[in-house]
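Next up: a single chain in C-alpha cells, the form predicted alone.
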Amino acid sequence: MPEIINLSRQIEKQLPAGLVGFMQQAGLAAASQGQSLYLVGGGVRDLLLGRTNLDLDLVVEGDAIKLARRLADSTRGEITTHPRFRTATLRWNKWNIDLITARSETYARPGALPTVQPGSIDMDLFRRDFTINSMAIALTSSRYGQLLDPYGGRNDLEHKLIRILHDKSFIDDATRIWRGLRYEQRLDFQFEPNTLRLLRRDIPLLDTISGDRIRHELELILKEAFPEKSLRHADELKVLSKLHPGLKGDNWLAEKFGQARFSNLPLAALYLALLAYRLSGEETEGLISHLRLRKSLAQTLRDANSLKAKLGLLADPELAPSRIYALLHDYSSTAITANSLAADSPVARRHIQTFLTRLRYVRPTLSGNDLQKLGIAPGPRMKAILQHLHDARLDGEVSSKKGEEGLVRGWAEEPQPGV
C-alpha cells in the first residue's frame, strides 16, 4: 500500500493565511455540492520544493464554473468564465485563483487544441505535461492535505528530473518542448533520458504549432530570472532554430542578457531585441511574422535592426551632441539600449549613453508663442528656428532663455532664405 503523505502543515507554513483560509472554505463549498476539490500542478510542485508560488490552480471533480460563482458570492470577488474549457478565474483582493473542471483531453492531430471532456482527478493529472506538475493535494475536509501522486512526480522532484507522462506527450502538444526547457533551467533539473530522446525525435512537430502559442512560450521563458540558460539549451538541441535559423543562444547572448538586467526597461522586450539583434532586416521580418508579434514589439525589433546600421556614424569621437540626438531620437528606448549593449565601439556606446542619460531631456526654453512675441511668424521659418535653438542647446552654444532670445534676434535679422 502506497505511503499516505499529508501536506496540510506545509500548506499553512508556506502560503499566506488568506489563501489557506480560502482553500479550506473552497473545499467545504465543493463538498456541500457533492464535489471534490484539489490543489494541482505548479502549486503542489513548489510546495514540495519549498518555493513560493501564489499562482494557484484548483481542480474540481464536478462543475468549476458553478463552484467559482458560489465562491465569488462569499468572497465578493469577480469571476471570468471560459465555458469551452469549463474553467473560471476568481479575483478578489490581490489574489487570482484558477478553478478548472477535472477533465480528459484528446488531440485530433499534432498541434491541435485539445477536445475536452469532464473526467476524474486521475484523468486530469494524466493530461498534464510532466510528472512534477502532475500531483494534487486534496482540499475537501475528509482528506485535506493528502498528496495524490499517481505518476511519481515526488520521486522525480527528489532526483531533479523532467519526465513526460507518456511517449506521445510531445506529439500531442509540442509546446511542451519549450515548457520543459523552461522548467529544466528554472529548477536546475535535467531531462530524464527517455524524455530527452523523445524530445529530440519530436522537434519537427514544433512546425505544427501556431505562432501565437510559440510566442506565448517564448514570452514565458523571457520572464524567467536567467532566460539565457533555456535559450542556450534550446540552441544546443536545435529547438531555437525552429523560431528562426539565424537565432543563437551562445555566450554573446548570455553576456548581453546579463548586462541588460542592469537596465530599468521591461526586460522581456529588451531580451527579445537582443535575441533578434544579429538577424538581418529581412530575417527580422520573418521572425516578426512567425511569432505574430504585437505592433509595438515588432517596431522595437525593427528599430533595433535599423539603428544597428548607424553605429558606424555613432563611433565618430568628434560627433556633436546635436548630431547624436538626430541619429537616435526617432527610436524607442528599448531599441537604443539594445544597441548600446550590442555595440562593439566604446565611442558609440558612450554616445548612446549620453543620449539616454542627458541629451533626450534637453529642450529649448523658448516656445512658438515666445517666438511670435519676438516677431517670428508661424510657419516653416519658425519651425527651423526652433530646431536651431534645440541644436544650440544640445551643443552648449546657449544655456539660458536670455541667450536663446539673443540668438533668435540675430537670426531674425538675417535675409531670407535661411534661419
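As the structure is a computational prediction, the values presented were derived from the model and not from experiment. The numbering used is simple: start at 1 and walk along the sequence shown.
Omitted from view is the form predicted together with ligand ATP, to which the following refers.
Stretch 34-42 is the answer when you ask which of 66-74, 352-360, 34-42, 374-382 has residues with heavy atoms within 4.5 Å of ligand ATP in the predicted complex. Put simply, residue 128 is close to ligand ATP in the predicted complex: some heavy atom of it is within 4.5 Å. Ligand ATP in the predicted complex comes within 4.5 Å of no heavy atom belonging to residue 215. When contacts are judged by a 4.5 Å heavy atom cut-off, residue 228 does not count as touching ligand ATP in the predicted complex. Contact annotation: residue 322 falls outside 4.5 Å of ligand ATP in the predicted complex, judged by heavy atom distances. Taken together, the three residues 176, 182 and 186 all come within 4.5 Å of ligand ATP in the predicted complex, as judged by their closest heavy atom. Scanning 61, 391, 370, 57 against ligand ATP in the predicted complex with a 4.5 Å heavy atom cut-off leaves one residue, 57. Note on contacts: among 299, 87, 140, 133, the single residue with a heavy atom within 4.5 Å of ligand ATP in the predicted complex is 133.
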